[in-house]
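First, one chain by itself: the form predicted on its own, in structure tokens.
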């Protein structure tokens, strides 16, 4: 069966100075499919966000390829890809256009991707899905709380009916209570809609709650992968052990 997204030996090198380079991602291969919930963990600077950008087609690898439904992104139907693979960023304050109304923000991907159907009705549907009412449709992002803004970001990602969400630290900017509410929402939505999820987080409790499998990244490489339960209970790589030992409840 063809995976929704397949990364094949991805490497991304950046020039640090005129004479030196840094490999942010090195020889990473992985499969992401509908319905899977996979966590990606690693310390700051390990390459997690760079890998996410490569998988989303927001950056190009120095070598290797990303395949969507069996075709290289270079040759794939990008409208189909953008509809089926959506992203939720860390900070909704910077990812939502402050000049647009909430309804316009949620409607934008439907218009850009020429999605069939009644766009106004779809906006209402996804706002309801994320627990927001019609009363916020005409507001601007600055008029909402942090938790409400992240719900809008999730609604926007859900609007074109994706099959996979890539969420990069989606709750790290929120306080503890709102964080739990957003995690509960993501858990409910992925289960109810059968969505795949690649969840990037430094918070191991978040990964343990939402993801059945985990990838551990260190110095641009995937150094360990497996079920979340097995990796968290018996980590095999030294970096995995260091991450887990830093959180007493997982040691």
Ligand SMILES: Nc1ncnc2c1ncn2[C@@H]1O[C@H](COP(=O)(O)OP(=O)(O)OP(=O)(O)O)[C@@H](O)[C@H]1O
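Positions refer to the first chain, counted from 1. Keep in mind that what you see is a predicted model, and the values were worked out from it rather than measured.
From this point on, the text means the form predicted together with this ligand, which you will not see here.
Contact check for residue 24: a non-hydrogen atom falls within 4.5 Å of this ligand in the predicted complex.
At the 4.5 Å threshold, heavy atoms of residue 202 reach this ligand in the predicted complex. This ligand is not shown here, but in the predicted complex it comes within 4.5 Å of a heavy atom of residue 49. At a distance threshold of 4.5 angstroms between non-hydrogen atoms, residue 43 is in contact with this ligand in the predicted complex. Shown alone, this chain has one stretch from 204 to 212, 222 to 230, 49 to 57, 183 to 191 that lies within 4.5 Å of this ligand in the predicted complex by heavy atoms: 49 to 57.
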